[in-house]
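In the block that follows, a single chain appears as structure tokens, in the form predicted on its own.
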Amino acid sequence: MLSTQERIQVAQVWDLIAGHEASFGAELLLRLFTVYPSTKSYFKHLGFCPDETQLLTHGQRMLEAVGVAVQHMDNLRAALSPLADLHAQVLRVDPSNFPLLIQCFQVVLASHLQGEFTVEMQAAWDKFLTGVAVVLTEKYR
């Protein structure tokens, strides 16, 4: 799925994010809810107007899952299988929402990492996150 150079770029970006998963994840959720308000329906446990603690907690969990995917780029299916089951069978998230999440995540990365987030890194992350989304939606079939 990813070339050697793309794998290096994904890992480099993850190294910049590591340790900041909660804040990046909370910002990702806020952006998602602001730009695509319909996505809030999948986060009912956060309430109508989630507080900072709820956003940080769920954002942390989301980005920890991304971290697992980064660590297992060679075998995303096995690494993300439980998460795919959860989203397809329990949460029943409409798969059309994953590209929206990817788009918001890319904006968060670009806004925080700025010049460190090169065009090549953005392309590698787009490809990587699309691969993650494909794996997460395979259980729908």
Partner chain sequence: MVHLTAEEKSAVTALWSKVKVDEVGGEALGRLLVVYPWTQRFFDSFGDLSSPNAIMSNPKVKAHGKKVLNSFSDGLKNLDNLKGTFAKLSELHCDQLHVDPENFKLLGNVLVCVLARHFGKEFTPQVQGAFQKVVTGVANALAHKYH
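Numbering follows the first chain given and starts at 1. Bear in mind that the values here come from a model prediction, so they are computed numbers and not experimental data.
What comes next is about the form predicted in complex with the partner chain, which is not displayed.
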query	finding
Contact segment among 54-62, 73-81, 104-112, 87-95, judged by heavy atoms lying within 4.5 Å of the partner chain in the predicted complex	104-112
S38: touches the partner chain in the predicted complex, heavy atom cutoff 4.5 angstroms	no
Close approach of F117 to the partner chain in the predicted complex, 4.5 Å, heavy atom	yes
Any non-hydrogen atom of D15 within 4.5 angstroms of the partner chain in the predicted complex	no
A11 within 4.5 Å of the partner chain in the predicted complex, heavy atoms	no
Partner contacts in the predicted complex for 6-34 (non-hydrogen atom within 4.5 angstroms of the partner chain)	L30, R31, T34
